[in-house]
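Below you'll find only one chain, the form predicted alone, shown as structure tokens.
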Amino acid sequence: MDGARLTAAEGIAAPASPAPPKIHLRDASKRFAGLRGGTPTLALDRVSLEVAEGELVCLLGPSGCGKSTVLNLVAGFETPSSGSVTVDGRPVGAPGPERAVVFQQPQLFPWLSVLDNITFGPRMAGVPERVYRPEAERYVRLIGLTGFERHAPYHLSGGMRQRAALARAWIGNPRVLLMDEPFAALDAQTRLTMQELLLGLRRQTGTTILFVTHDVDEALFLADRILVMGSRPGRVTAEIRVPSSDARDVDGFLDDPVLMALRRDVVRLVREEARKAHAHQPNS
């Protein structure tokens, strides 16, 4: 792991997990070709990180630091220029059903109902309705969309559409859920509701989650660990282990002096990386 390791209480080195990692990037770099033969861009530089089975890890950092590129490597949308990316010890070479992705925008099919959007994956895979229908109805209840199953996406609020996207990702029982700033476009109250919903679903399913965000409070509220990424070329500069999120709620988060002290440390780290990113921009 690159960079510093902090704990909430003492800032001492955190012990490594004895379990093999669910997600493992080892010295992964990504270089994008320059436009019209221009200079290539090194987006990621020898990033090494691990995510354990059932862990929720947030990638946190300023815009352009490579957070989404890391997610795309794990999803199989991109391949590393060097180094390796594995899930369950197997190299990632392409997208797969064991790795579901939730984007910032819900990406629902506007011509399908909520229920048909949620069940699209199983239906395309040939799963019998008697198998997927009870599971779909269960997720509709869990995400609070009962009564809206036959509505078209354009009849729903942004938060409701994102709930449907979350259910669509989870219905395939993915081993890994990859989330790219999924709540960034929502208003503050809806965002909090979605964060609590995510934690509740995660407790029930034990899914391994890699979550990209630029919001410090969101990362602290959701994560078991936060990986702070530095300015381009992206790399992990710090690891922060967050107190247990098993029973976390909004009121407890705001009243927790340990979390608030940790928040100050994380904000300082992120601001420092943002200053570095700004200093490296042309004409800055």
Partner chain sequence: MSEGLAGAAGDRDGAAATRAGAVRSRPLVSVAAVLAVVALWQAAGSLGWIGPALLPTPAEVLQTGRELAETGYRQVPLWEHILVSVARAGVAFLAAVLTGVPLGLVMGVSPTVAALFDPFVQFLRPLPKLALIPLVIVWFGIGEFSKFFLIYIATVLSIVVGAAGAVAAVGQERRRAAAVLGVSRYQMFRHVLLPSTLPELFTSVRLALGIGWTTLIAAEMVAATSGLGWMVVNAGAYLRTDVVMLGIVLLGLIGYGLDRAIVGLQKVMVPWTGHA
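From a predicted model like this one, the values you see are computed outputs, not experimental measurements. Residue numbers count along the first chain shown, from 1.
Another form exists, predicted in complex with the partner chain; not displayed. Remarks below refer to it.
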Using a 4.5 Å heavy atom cut-off, which residue among Leu108, Ala136, Val85, Ile143 comes into contact with the partner chain in the model of the complex? Leu108
Residue (of Val212, Leu198, Val101, Leu115) lying close to the partner chain in the model of the complex, criterion heavy atoms within 4.5 Å: Val101
I need the one stretch from 198-206, 128-136, 85-93, 115-123 whose residues put non-hydrogen atoms within 4.5 angstroms of the partner chain in the model of the complex. 115-123
Test of understanding: in the model of the complex, would Leu156 fall inside 4.5 Å of the partner chain by heavy atoms? yes
Should Glu78 be counted as a contact of the partner chain in the model of the complex, where contact means heavy atoms within 4.5 Å? yes
According to a 4.5 angstroms non-hydrogen atom cut-off, is Gly147 in contact with the partner chain in the model of the complex? no
